[in-house]
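There is one chain below, alone, in structure tokens, taken in the form predicted on its own.
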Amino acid sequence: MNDFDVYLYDGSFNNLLNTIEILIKEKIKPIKIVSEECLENDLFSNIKKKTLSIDNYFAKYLKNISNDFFKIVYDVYLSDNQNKELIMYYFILNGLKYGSKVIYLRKLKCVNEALNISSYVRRESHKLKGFVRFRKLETNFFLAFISPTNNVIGYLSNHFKKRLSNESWMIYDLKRDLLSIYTKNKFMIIKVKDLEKNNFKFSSDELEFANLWNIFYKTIAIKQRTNKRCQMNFMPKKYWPYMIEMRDLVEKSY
């Protein structure tokens, strides 16, 4: 193996697991694993792609180590961490060595990193459950825009599948161009291109309800107890552009 070998995968979770499986079996310790979408041309690197199996056997095998272990692996994959593939590689490598107890071995760098990333992904997903704002379209679908740090659209879709089971809705991740569409008790997440926020037309009663919600939000606020710094701790500013009640503050900041 050359010190500058870069191993490619197609960006999917199962393809990454298969890549890691082959690297472990061949006793290759990669310098870098990167998705095709994120690949940057590097004149000093040898780009390699392993021949992979098409089954999900390795994913099932990792689940057998423990559900908690597998959930952490998946959380790391969903994260925005630039080194997530290598962290997954070494976390899985140690998982195969130590079994389910690996998640308690915080002294191992890869374990500590994986647990911290997993916690961060889960926290963001939990916060967004309260910050997502659905708005009614002319088509009677409800639509919410998000732009999270991590790829948590799947977690959010599972949450709202239970909370809004009788409605038809969409969640659009603007950062990744991912659109989750829910109808008839199931949802699917698709990759979209050239889809602008302005392409969606809100219903007339939605505009009225949005205005009423803004009035209600401002009316119940106690001016003397306003604490912007505390507010931003509980409601990070990066979520404000997609929250109806924070729209005026966002517009004033530009």
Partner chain sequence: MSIEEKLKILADSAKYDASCSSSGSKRENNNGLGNASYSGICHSFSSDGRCISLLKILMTNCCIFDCKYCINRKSNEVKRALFTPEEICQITINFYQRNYIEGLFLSSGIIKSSDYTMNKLIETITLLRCKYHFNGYIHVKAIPGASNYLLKKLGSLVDRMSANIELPTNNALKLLAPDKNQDKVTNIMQFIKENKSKNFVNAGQSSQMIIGATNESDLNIMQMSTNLYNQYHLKRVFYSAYIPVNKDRFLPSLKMPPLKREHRLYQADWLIRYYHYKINDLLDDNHPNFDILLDPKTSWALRNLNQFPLEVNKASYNDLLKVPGIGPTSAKKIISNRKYYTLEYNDLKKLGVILKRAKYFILCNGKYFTNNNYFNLNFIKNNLLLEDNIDKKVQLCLFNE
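Owing to the predicted nature of the structure, the values given are computational and were not obtained by experimental measurement. Numbering follows the first chain given and starts at 1.
Keep in mind that the form predicted in complex with its partner chain is not shown, yet the notes after this line are about it.
Contact annotation: of the candidates 211, 64, 35, 56, the single residue with a non-hydrogen atom within 4.5 angstroms of its partner chain in the predicted bound form is 211. For the options 27, 193, 186, 225, the one in contact with its partner chain in the predicted bound form, meaning a heavy atom within 4.5 Å, is 225. Of the stretches 136-144, 67-75, 173-181, 80-88, only 136-144 has residues with a heavy atom within 4.5 Å of its partner chain in the predicted bound form. Not displayed here, its partner chain is kept clear of residue 21 by more than 4.5 Å at the level of heavy atoms in the predicted bound form. Its partner chain is not drawn, but in the predicted bound form it has no heavy atom within 4.5 Å of residue 97.
By the criterion of a heavy atom within 4.5 Å, residue 123 is excluded from the residues contacting its partner chain in the predicted bound form. With a 4.5 Å cutoff on heavy atoms, residue 215 counts as touching its partner chain in the predicted bound form.
Contacts between stretch 140-173 and its partner chain, counted in the predicted bound form as any heavy atom lying within 4.5 Å, involve 142, 159, 160, 162, 163, 164, 165, 166, 167, listed in sequence order.
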